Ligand SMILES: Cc1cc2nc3c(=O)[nH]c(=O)nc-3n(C[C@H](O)[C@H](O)[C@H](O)COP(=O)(O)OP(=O)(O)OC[C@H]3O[C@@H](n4cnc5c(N)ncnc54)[C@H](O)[C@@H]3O)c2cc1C
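In the form predicted on its own, a lone chain appears below as structure tokens.
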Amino acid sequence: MQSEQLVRELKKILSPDKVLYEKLDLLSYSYDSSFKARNNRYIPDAVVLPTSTQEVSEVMKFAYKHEIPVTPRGAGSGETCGALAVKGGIVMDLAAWDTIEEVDTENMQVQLRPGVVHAKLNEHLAQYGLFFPPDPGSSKMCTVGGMVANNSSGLRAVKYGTTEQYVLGLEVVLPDGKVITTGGVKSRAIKNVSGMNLTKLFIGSEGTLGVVTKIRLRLWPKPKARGILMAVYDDLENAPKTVLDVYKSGILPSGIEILDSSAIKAVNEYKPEINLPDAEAILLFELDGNPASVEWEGNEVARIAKNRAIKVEWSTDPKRMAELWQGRSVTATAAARVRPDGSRVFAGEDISVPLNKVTESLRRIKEIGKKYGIGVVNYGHIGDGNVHTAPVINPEDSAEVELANKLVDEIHRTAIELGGSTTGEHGIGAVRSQYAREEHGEALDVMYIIKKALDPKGIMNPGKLLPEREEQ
């Protein structure tokens, strides 16, 4: 269908102000944060902005009938081209659909629409003494719908886990426009093992099986106290060993972050006033809970860390905690400062490895960087083995771009070789699907069967998650 005709038909389904088609509008939907998007332009034929389940359903019925690709999109803050129209067609922007429909305090849950921003949800829940625990670093911009699509986790996954552990049910519009509710049509229960677990089937499917239009989340009581501990190491290997020492003691921090020497250097060049200690690694432990337990656990972690660290500091003072945490919070931005003419690119940025392989992965990434002459800043969520890498290159230099792609490929394959995964929280999208067979083996064939059963015409976010050549 020609773009002009497509727009005319969509305006019959939605009000004209909910259909975008001007060149500049379409261009603004052609990118996300990924390196792949920087090097390519994926311009949709039209963008729709539905704000009801019925509108989503009608658009999907139309798209299904005419076999037009549909790509659901939230805030567009992803790093894998997951919300880009790599096959053209319709982008379905759900970011404006940001209603928190009900906070059910008695049943510790909330019902909301997919466009609700993570930070705004927790701001709203704070008045009830509740919160939604997963905390991606993009909290102030990412949508809960996007978190469900990618099974996001982030800084506090050590204690609180990933998004899937909090989703009790979903309203989903299937590719043919049919609307289903998972987790029980009328359910308000927290525990439910009735039937197949369709809820978890859609979580992490990256919009390839349907459009999530409503989310029912389990909530937790908001912790009353919090503390931060910094441990400094002159030997990188002692950092992950300390993490295991803490686990063996029976203490589970809410988050454990690592900055290696490359990240420390980047932060100090970006903001000299932070003045991080010159070291091979820094660990930041966050502990939360009731005041007495936080104080005891913090002092115990400090005692354990002193066995391997050259410096340890523990604080529950809000001002000092903010200062201790600041180095980690600016790391992603600071990465580009390791090179005056460079930019940090989001590629190979999200590998996950076993806890006992964190040191080896960091050292190997440094060696891979040296091999290709590319500076790489390393940091991440060491508590669950999620390592973030930040290659810094001149993206206008085609030779460097080619070398960066080779570097990223080696990083991904190193993660699999070490018994890990190409992604811990950012998803597959259009940038990591080529590793699916190596990582999943014959299980990939089952994924194709599920995809074909729910989306026989292949219109739902095509070109994502599964290797395309095997999908045909």
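Predicted model, so just to flag it, every value in this text is computed and none were measured. Note that the rigid core is defined as the largest set of C-alphas that superpose within 1.5 Å between two forms. One rule holds for the numbers: they count along the sequence shown, beginning at 1.
If you look for the form predicted together with the ligand, you will not find it shown, but the lines that follow are about it.
- For the chain shown alone, G78 is a contact residue for the ligand in the predicted bound form, at least one non-hydrogen atom being within 4.5 angstroms.
- Within 4.5 Å of any heavy atom of the ligand in the predicted bound form lies no heavy atom of G380.
- The ligand is not drawn, but in the predicted bound form it has no heavy atom within 4.5 Å of S361.
- In the predicted bound form, at least one heavy atom of F346 sits within 4.5 Å of the ligand.
- Here the marked residues S153, G210 and E425 all reach the ligand in the predicted bound form, each with a heavy atom within 4.5 angstroms.
- Checking A83, I256, A266, A231 for any heavy atom within 4.5 Å of the ligand in the predicted bound form turns up a single hit: A83.
- Of the listed positions (P133, G298, P240, P72), a single one reaches within 4.5 angstroms of the ligand by any non-hydrogen atom in the predicted bound form, namely P72.
- Just one listed stretch, out of 123 to 131, 219 to 227, 139 to 147, 352 to 360, contacts the ligand in the predicted bound form at the 4.5 Å heavy atom level, and that stretch is 139 to 147.
- Contact annotation for 328 to 343: residues with any non-hydrogen atom within 4.5 angstroms of the ligand in the predicted bound form are A332, T333, listed in sequence order.
- Once you line up the core between the shown form and the other one, the Cα of I351 stays within less than 2 Å of where it was.
- With the core held fixed, the Cα of L170 is displaced between the shown form and the other one by less than 2 Å.
- With the core held fixed, the Cα of A334 is displaced between the shown form and the other one by 2 Å or more.
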